[in-house]
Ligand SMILES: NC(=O)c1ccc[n+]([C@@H]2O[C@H](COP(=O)([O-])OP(=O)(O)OC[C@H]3O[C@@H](n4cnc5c(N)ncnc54)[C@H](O)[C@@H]3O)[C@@H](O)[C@H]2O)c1
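Quick setup: one chain, the form predicted alone, written in structure tokens, and binding and motion questions come after.
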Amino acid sequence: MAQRVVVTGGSGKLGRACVRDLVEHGWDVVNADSTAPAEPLCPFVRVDLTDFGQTVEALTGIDDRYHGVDAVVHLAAIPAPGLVPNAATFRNNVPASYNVFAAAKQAGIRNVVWASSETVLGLPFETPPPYIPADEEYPPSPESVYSLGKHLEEMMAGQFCRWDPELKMVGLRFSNVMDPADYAEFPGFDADARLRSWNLWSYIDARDGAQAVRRALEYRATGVEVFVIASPDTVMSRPTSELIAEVFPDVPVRREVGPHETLLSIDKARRLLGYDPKHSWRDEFRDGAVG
């Protein structure tokens, strides 16, 4: 029998891709969101995740819609800094994540994947990173209230796993999520290297983000792990080495990087999760789908 997974925020940009990917790979998916999906790919439940009671029901079962949940993918959040006042971002995101983590514990769910963020690496990189490619090895450096919330979620996950040694929680530090329709803007980035230097010119195709979620669900481990999840290339046509020399000339480069290789390292995700991104904005232009 297919395993049931609740995807919070399944109506959003990354959520839609995740729901589609999980359904296509045989998961029994429930989308728990405050907004109905544009395309109904699976059962939908309207849930306010800042309400603990509603969250518990969503992760255990609602009437005759479904009963029993094997895993949860928590994507729901105000998705970036500056969309609403900082206190509102914190008031929504951090309690909602606590509620999901605590409700999963109460429901006996021991397979939890959630969306952390590239921002915990120190974005925007007005203060340069300690080295590049940036990875999971240096301490989180939140520079916004949104990022602070993501850092606190990672700390919370560590304590939930300490309380239950059989629990697995995987935090995916997603880069800036893009759909193919977004790629039309990319050629305009080349004129000014500093325009997208705030996240080392990185992005993540939503379809590859969905693959990372599925692989995180399948990952056999216990305890908490965090992974940087980005596309394998940058948003720029210009070579990565040229971008580094212009914008971050004094930052140590720890290893040789490819001509257009991302500077948010996905080495750990490749090694442990088997993450294998397949989509690039360059392919969309080669195929004539954009522009």
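Numbers for residues come from their place in the sequence shown, where the first is 1. Keep in mind the model is a prediction, meaning the values are calculated, not measured.
The protein also exists as the form predicted together with the ligand; that form is not presented, and the subsequent description refers to it.
Out of the listed residues 148, 177, 94, 167, 177 is the one that sits within 4.5 Å of the ligand in the predicted complex by at least one heavy atom. Checking 128, 79, 140, 133 against the ligand in the predicted complex, a heavy atom within 4.5 Å turns up for just one residue: 79. With the partner left out here, the ligand still marks one of 48 to 56, 22 to 30, 249 to 257, 219 to 227 in the predicted complex; by a 4.5 Å heavy atom cut-off that stretch is 48 to 56. In the predicted complex, the ligand lies within 4.5 Å of some heavy atom of residue 13. Using a 4.5 angstroms threshold between heavy atoms, residue 211 stays clear of the ligand in the predicted complex.
Not displayed here, the ligand is kept clear of residue 104 by more than 4.5 Å at the level of heavy atoms in the predicted complex. Interface residue remark: residue 75 is counted as part of the site for the ligand in the predicted complex, having a heavy atom within 4.5 Å.
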